[in-house]
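Let's start with one chain on its own, the form predicted on its own, as structure tokens.
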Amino acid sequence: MNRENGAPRTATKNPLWGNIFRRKSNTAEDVLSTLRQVPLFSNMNDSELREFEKLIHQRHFKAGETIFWEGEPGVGMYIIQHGAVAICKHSRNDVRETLVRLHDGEFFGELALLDESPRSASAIAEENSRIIGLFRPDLFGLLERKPRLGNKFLFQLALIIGERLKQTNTEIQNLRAQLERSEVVL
């Protein structure tokens, strides 16, 4: 309530992260459609997806705009609804190296849902992009209100992180084998 004139106050629209329910309904269906593409939500039914839909935030990023910087505290994960994002590291002489380019339906920054450690890389929109954000406080709220659903999500997250760790270990082993074959002294 607006205490100055007694009239109900409309919710203040956050210029950075708008509530998706204030948008037109086809956008809500777009969000559900995007969530269905993401492996983190692949084993969820429509009712469960709608619970997550209530938690997420959308934002548009212009081409070249930074989504988050390497070294800043992580607060959540992001899903690319439309567009492209580069995950980058900066060298000591400030040269930007792109580690991977991500596109529609792909996600990044998911480790921030588990801890507050600094981001290991920067994320930069490579083209005008619509991004969905899921943040740790919202996930913790879900865990308190609907622990079964929250744990279902966390279990899926653990499976995906475990799979990525296995792939990383394989890549490290392959690189080590290449170094040994090249006879480079370590």
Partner chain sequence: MMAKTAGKTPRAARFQPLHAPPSGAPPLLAGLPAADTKIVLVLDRKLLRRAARTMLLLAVLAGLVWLLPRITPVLTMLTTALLLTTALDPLVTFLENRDLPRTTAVVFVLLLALLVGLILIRLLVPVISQEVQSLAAAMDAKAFEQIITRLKGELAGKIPLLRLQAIDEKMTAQLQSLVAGFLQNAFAFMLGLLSAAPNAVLVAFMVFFLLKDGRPLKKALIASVPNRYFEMALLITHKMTEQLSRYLQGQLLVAAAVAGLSVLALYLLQVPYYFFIGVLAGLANVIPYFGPIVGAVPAILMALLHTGSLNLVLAIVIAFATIQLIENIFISPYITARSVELHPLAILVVILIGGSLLGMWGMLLAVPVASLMKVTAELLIWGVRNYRLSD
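Numbering follows the first chain given and starts at 1. Bear in mind the structure is a predicted one, so any value in this text is a computation, not a measurement.
Only in words, not in the display: the form predicted together with its partner chain, which the text now covers.
Among the residues A121, I56, V38, L157, the one placing a heavy atom within 4.5 Å of its partner chain in the predicted bound form is I56. Among the residues N43, T66, N128, N151, the one placing a heavy atom within 4.5 Å of its partner chain in the predicted bound form is T66. Proximity of V75 to its partner chain in the predicted bound form: non-hydrogen atoms within 4.5 Å are present. Interface residue remark: E97 is not counted as part of the site for its partner chain in the predicted bound form, having no heavy atom within 4.5 Å.
In the predicted bound form, its partner chain lies within 4.5 angstroms of a heavy atom of only one residue of 94-117, namely E116.
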